[in-house]
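First comes one chain, alone, set out as structure tokens in the form predicted on its own.
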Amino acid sequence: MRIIVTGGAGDLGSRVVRELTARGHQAVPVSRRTGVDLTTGDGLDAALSGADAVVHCADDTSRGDTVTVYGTRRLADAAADRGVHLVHISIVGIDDHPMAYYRRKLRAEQGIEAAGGPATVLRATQFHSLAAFFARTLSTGPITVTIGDTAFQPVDTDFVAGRLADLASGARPTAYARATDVAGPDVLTVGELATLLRAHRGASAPRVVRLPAIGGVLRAFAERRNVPFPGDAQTGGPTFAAWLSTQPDRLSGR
């Protein structure tokens, strides 16, 4: 199969490309560097010509709606016009979450459905690296702040890439469809994440200070709307601790 991967040079997209290639498919990474611009539609016709599916991993959180919403809808319309199966990565728990980026991801899903073509949306929980970033952000020295009962069910990026490859190379739906959500095997509080991170670099457990959730976004995390209900998601991939064991002593970035 010829499968296009938007954002194919990024962290998730490059893993999807590797997975599809290893399975014997023709995986074609596309981005502005290859002449495909989702903000204008330039290069989309050529990229989708002869494609069996397109896995949409491209995004730019710094540009508001431009890529996340409008670029996704532009891609969805182009794929629908050509009958190309669109596979889109989204986020668990965005239906009732006021975080601005999550609202954009929900609008992107709605745009894909409105386009009317064969499409599959896969929602995933936060990647291990992002959960680690949140825990580091909420930590200063030996103190970690947690907002209410905030927790994460972080998932391995390669596990998600494998599911996207499954969907793109498998049976295509006749219209819009939601695949079963995916999540990692363990639910961890911010304090538990911070404890693992400090132990990884040889430090003692942090002192965890619990603060009340003020505002809609913090309440949503405190109520764990980002964590799927037990049994509602397919779980798999390495645990956070197993992933962390493969990382450098001090993490950086997201």
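The first residue of the shown sequence is 1; numbering continues from there. Please read these numbers as outputs of a predicted model, since none were measured by experiment.
This protein has a second form, the form predicted together with a small molecule, left out of what is shown; the following refers to that one.
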{"item": "Gly10, Asp37 and Ala124 each touching the small molecule in the predicted bound form (heavy atom, 4.5 Å)", "value": "yes"}
{"item": "Contact assignment for the small molecule in the predicted bound form, among Ala119, Leu167, Ala183, Ile89, heavy atom within 4.5 Å", "value": "Ile89"}
{"item": "Partner-contacting position among Leu48, Leu197, Val190, Val67 - heavy atom within 4.5 Å of the small molecule in the predicted bound form", "value": "Val67"}
{"item": "Per-stretch contact check against the small molecule in the predicted bound form, the hit in 98-106, 79-87, 170-178, 141-149 (non-hydrogen atom, 4.5 angstroms)", "value": "98-106"}
{"item": "Partner contact for Ala114 in the predicted bound form: the small molecule, 4.5 angstroms, heavy atom", "value": "no"}
{"item": "4.5 Å heavy atom contact, Arg32 to the small molecule in the predicted bound form", "value": "yes"}
{"item": "Non-hydrogen atom contact Ala27 with the small molecule in the predicted bound form at 4.5 angstroms", "value": "no"}
{"item": "Ala58, heavy atom within 4.5 angstroms of the small molecule in the predicted bound form", "value": "yes"}
